[in-house]
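So this first bit is one chain, no partners, the form predicted on its own, shown in structure tokens.
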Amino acid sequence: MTPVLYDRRSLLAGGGALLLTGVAGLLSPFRAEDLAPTRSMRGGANNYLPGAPVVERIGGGGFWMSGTVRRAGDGTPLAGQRIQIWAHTTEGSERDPWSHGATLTDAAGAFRLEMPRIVPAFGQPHGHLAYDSGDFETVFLRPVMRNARQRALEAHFVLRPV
């Protein structure tokens, strides 16, 4: 068996790596506790219709809106939370009641709802999402797509308790 010899450089590098790993391990719980809540986006509440029904799909489908819902602070996934979704689509305006629907988050805090393809309104293809169930502060999002050819859009909520 060959003895392992350490020089000063390898000891310093190894000690530095151990120190950084240890410090990162100590700090990560504090960072998780500081997960900031999502702020409502400008224009997010445009054409909002309170009480849109929970649906399996909006219209004929062909486009997927998805995302996650977590609690501010610790980042815990929130199951059973209602997310309303609406947009200007190939089947209607964002003012039309049939262009609105809601879905619930699963056990991992994820949601996914199929809807008609989003088309540009005011020059931008975009969707609207709202958390409005009451256990947490209401948040309205208005994510803008890169282009109208996209077939999916994601939006993520971090919610602050009321």
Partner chain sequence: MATGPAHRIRAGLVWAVVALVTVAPLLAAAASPLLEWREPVYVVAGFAGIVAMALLLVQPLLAAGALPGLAGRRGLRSHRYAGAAALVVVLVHVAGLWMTSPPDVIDALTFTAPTAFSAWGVIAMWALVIAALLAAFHRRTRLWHLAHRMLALVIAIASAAHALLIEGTMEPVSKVAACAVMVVATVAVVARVRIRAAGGMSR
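Numbering follows the first chain given and starts at 1. All of these numbers come straight from a predicted model, not from anything done at the bench.
Although it is not shown, the form predicted together with its partner chain is what the next lines describe.
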Contact with its partner chain in the model of the complex, heavy atom within 4.5 Å, among 123, 97, 51, 134 goes to 123
Non-hydrogen atoms within 4.5 angstroms of its partner chain in the model of the complex: do 42, 46 and 89 all have one? yes
Would residue 35 count as a contact of its partner chain in the model of the complex, using a 4.5 angstroms cut-off between non-hydrogen atoms? no
Should residue 117 be counted as a contact of its partner chain in the model of the complex, where contact means heavy atoms within 4.5 Å? yes
At the 4.5 Å heavy atom threshold, is residue 148 in contact with its partner chain in the model of the complex? yes
Might residue 93 be said to contact its partner chain in the model of the complex, defining contact as any heavy atom within 4.5 Å? yes
